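A single chain comes next, written as structure tokens; it is the form predicted on its own.
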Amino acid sequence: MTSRIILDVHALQNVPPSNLNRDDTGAPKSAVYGGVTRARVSSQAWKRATRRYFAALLDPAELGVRTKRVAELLAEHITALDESIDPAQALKIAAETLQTATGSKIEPPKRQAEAAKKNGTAEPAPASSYLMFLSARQIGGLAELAVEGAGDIKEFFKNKEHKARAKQIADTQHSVDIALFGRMVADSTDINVDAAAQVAHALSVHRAEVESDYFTAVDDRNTGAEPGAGMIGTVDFNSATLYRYAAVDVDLLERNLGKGLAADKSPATPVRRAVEAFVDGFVASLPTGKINTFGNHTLPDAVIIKLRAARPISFVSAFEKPVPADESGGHMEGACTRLADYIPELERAYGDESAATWVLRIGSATAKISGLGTEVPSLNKLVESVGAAVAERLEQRG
């Protein structure tokens, strides 16, 4: 089998009463696994949390923006480049440029446009019909091209070379978040980007039930003659010890990033930065559903990272039979014991092709996993060690 570079990230995280990720009824999401109901947090929720966490780790120039209001965003860049272009003209130029670059219709939303016409108000700004994900460098490149053709943008893009440049700009210099999480352009599949990162739905390692918090709110201006609550309601929540898992295809990440981040540096530099950002962001981020109500700001008690040479492997099967709480309560120690037993057995049966394993853990409950790999004392050290190992493998391979 051809040697690959795959990064597996496993985490066990306690989450107290919370509602990280709601379903259509407002209740915390759940799933049946091993025949029992578990708490669940969708992969979409954790990917968004990870992507938002990147803002604290990376320069904005290395990131992208996912929005329907992409014409407004591009128009802002156009007017910043050429102040002689007024905002209304910039919007039209932006819409035409985006339409050429992505093949997607960029026009005022129909309902809003009809309402504006009926009410005699200004027509809304053109927008895409779905969330469009473009990197900061792609937005910047398209703005420069748009300014170049601002005199007659429709005529400008009748030129095949100009049209090809627009598509090329939209399909090169991908940001870290686009390279990791991918991009789908329904109207122009040739500029889609396959995601290098896969994120599993986080599952509780034990049975989890949804509970309801009945609350009342008192009107601050109530008088003694008006007793009773000003508002009543319920909020659904659960609490869980979650098993979280994600994998990064480093080879695909390298292809997605290409020379976009730093062509003048080591080829491994952009990938290393992206891998480090992913490890840091995935481990430390948290979806923010109902966060003001529950304040459930926790971090994983245990993290295991494996650098593999064949395929990603989840350890969720270790929890197919739910972990019971121990005599004094708590699931973390039982979950760590399951992993400490399951991982060596799995690797004995199927072969351990991992080049390296790192363990970050806190507390005596996680002691059982200490022998699974090289213990690191902090998240910073974990990120640095994993990034260096990935860069070394890329450089050795050339």
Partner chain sequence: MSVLALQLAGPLQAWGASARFARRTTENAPTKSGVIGLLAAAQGLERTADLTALTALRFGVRIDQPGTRIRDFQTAHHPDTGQAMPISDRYYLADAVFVAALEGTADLIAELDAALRCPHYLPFLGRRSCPPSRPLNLGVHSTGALEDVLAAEPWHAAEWHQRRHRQETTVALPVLTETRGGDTADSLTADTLRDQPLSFDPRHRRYALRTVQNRTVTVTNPHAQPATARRGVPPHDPTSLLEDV
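All values derive from a computational prediction rather than experimental measurement. Residue numbers count along the first chain shown, from 1. The term rigid core refers to the most C-alpha atoms you can superpose between the two forms while keeping them within 1.5 Å.
Here the subject shifts to the form predicted together with its partner chain, a form of this protein not shown in this document.
Asks: Looking at its partner chain in the predicted complex, do all three of Arg40, Thr67 and Leu203 come within 4.5 Å of it through at least one heavy atom?
Replies: All of them do, each having a heavy atom within 4.5 Å of the partner.
Asks: Spell out, yes or no, whether the shortest heavy atom distance between Glu375 and its partner chain in the predicted complex is within 4.5 Å.
Replies: Outside the cut-off, so no.
Asks: So in the predicted complex, does Trp358 come within 4.5 Å of its partner chain, heavy atom to heavy atom?
Replies: Contact check for Trp358: no, nothing within 4.5 Å of its partner chain in the predicted complex.
Asks: Does its partner chain come within 4.5 Å of any heavy atom of Leu286 in the predicted complex?
Replies: Judged by the heavy-atom cut-off of 4.5 Å, Leu286 is well away from its partner chain in the predicted complex.
Asks: When the contact criterion is heavy atoms within 4.5 Å, does Pro312 count as touching its partner chain in the predicted complex?
Replies: Yes - in the predicted complex, heavy atoms of Pro312 and its partner chain come within 4.5 Å of each other.
Asks: Among 300-308, 186-194, 85-93, 228-236, which stretch has residues whose heavy atoms lie within 4.5 Å of its partner chain in the predicted complex?
Replies: Going through the listed ranges, the match is 186-194.
Asks: What is the one choice in Gln99, Thr79, Asn296, Gln198 with a heavy atom within 4.5 Å of its partner chain in the predicted complex?
Replies: Flagged contact: Gln198.
Asks: Counting any non-hydrogen atom inside 4.5 Å, which residue from Thr121, Ser317, Asn222, Thr172 sits next to its partner chain in the predicted complex?
Replies: After the contact test, the surviving option is Ser317.
Asks: For the stretch 126-151, I need every residue with any heavy atom inside 4.5 Å of its partner chain in the predicted complex, listed N to C.
Replies: Counting only heavy atoms within 4.5 Å of its partner chain in the predicted complex, the single contacting residue of 126-151 is Leu131.
Asks: Answer yes if the Cα of Ser317 shifts by 2 angstroms or more between this form and the one not shown on a rigid-core superposition, and no otherwise.
Replies: No, Ser317 moves less than 2 Å.
Asks: Does Arg52 count as moved between this form and the one not shown, where moved means a C-alpha shift of 2 angstroms or more after fitting the rigid core?
Replies: Shift of 2 Å or more: no.
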